[in-house]
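Take a look at this one chain, the form predicted alone, written out in structure tokens.
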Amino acid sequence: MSQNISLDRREVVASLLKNRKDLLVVSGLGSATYDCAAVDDHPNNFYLWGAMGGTASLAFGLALAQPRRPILALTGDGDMLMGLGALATIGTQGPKNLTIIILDNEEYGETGSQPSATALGTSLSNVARATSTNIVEDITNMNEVNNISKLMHEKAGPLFVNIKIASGNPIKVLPSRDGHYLSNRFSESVLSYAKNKQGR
């Protein structure tokens, strides 16, 4: 395990979502979704209860569909490792409004905390760098996290950020598991925002 892992995941997510403005969030299955629900169960959050490996791809599609809004894909290292192919497409298409943030605890927290490939030498930042994605070097302190929350709104993407967090599982805060409800809530929020913008 990395000797630099020390950040508390809930504190990190709270910082990222503190001044979210018009940010749309796609959160990966498991802990990333629990973190978003604990910090800010907002209609602009789209929770993935399953679909491991699909977070970055779904957020990429959303970024193309909503080019005027900042989009955040927030997920863990296990999910990103399963969906590495998405980075190649994201890098070549270059959506400026997309930020991908990995909460990297170097383990599969949902299935028993087995070591992931990032604990064994794989660098997700190096993989993303090879796909022409804009990279912020691995983050290990809260000052850097606070800076990222500002960058997300500056459309400097596609931005890839790997944040090293502490091992362990905080108390689970579970959002609704009703996929129909979550999908409708998210869609209605996005459409309402668009109508309000057009009416100005």
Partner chain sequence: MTLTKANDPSNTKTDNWSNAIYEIFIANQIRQVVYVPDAGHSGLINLCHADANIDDVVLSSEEEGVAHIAGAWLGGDRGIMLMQSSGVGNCVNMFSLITSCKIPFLTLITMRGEWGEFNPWQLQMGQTTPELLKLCGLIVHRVDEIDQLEDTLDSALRIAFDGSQGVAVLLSQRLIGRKDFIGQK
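Note that the coordinates shown come from a computational prediction; the quantities given were computed from them, not determined experimentally. Residue numbers count along the first chain shown, from 1.
Same protein, other form: the form predicted in complex with its partner chain, not shown, and the subject of what follows.
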query	finding
One stretch from 44-52, 141-149, 31-39, 161-169 that, in the predicted complex, holds residues within 4.5 Å of its partner chain by heavy atom	44-52
Heavy atom of residue 190 within 4.5 Å of its partner chain in the predicted complex	yes
Heavy atom of residue 66 within 4.5 Å of its partner chain in the predicted complex	yes
In the predicted complex, residue 21 touching its partner chain (heavy atom, 4.5 Å)	no
Non-hydrogen atom contact residue 183 with its partner chain in the predicted complex at 4.5 angstroms	yes
Interface residues of 87-119 toward its partner chain, as seen in the predicted complex [heavy atoms, 4.5 Å]	88, 89, 93
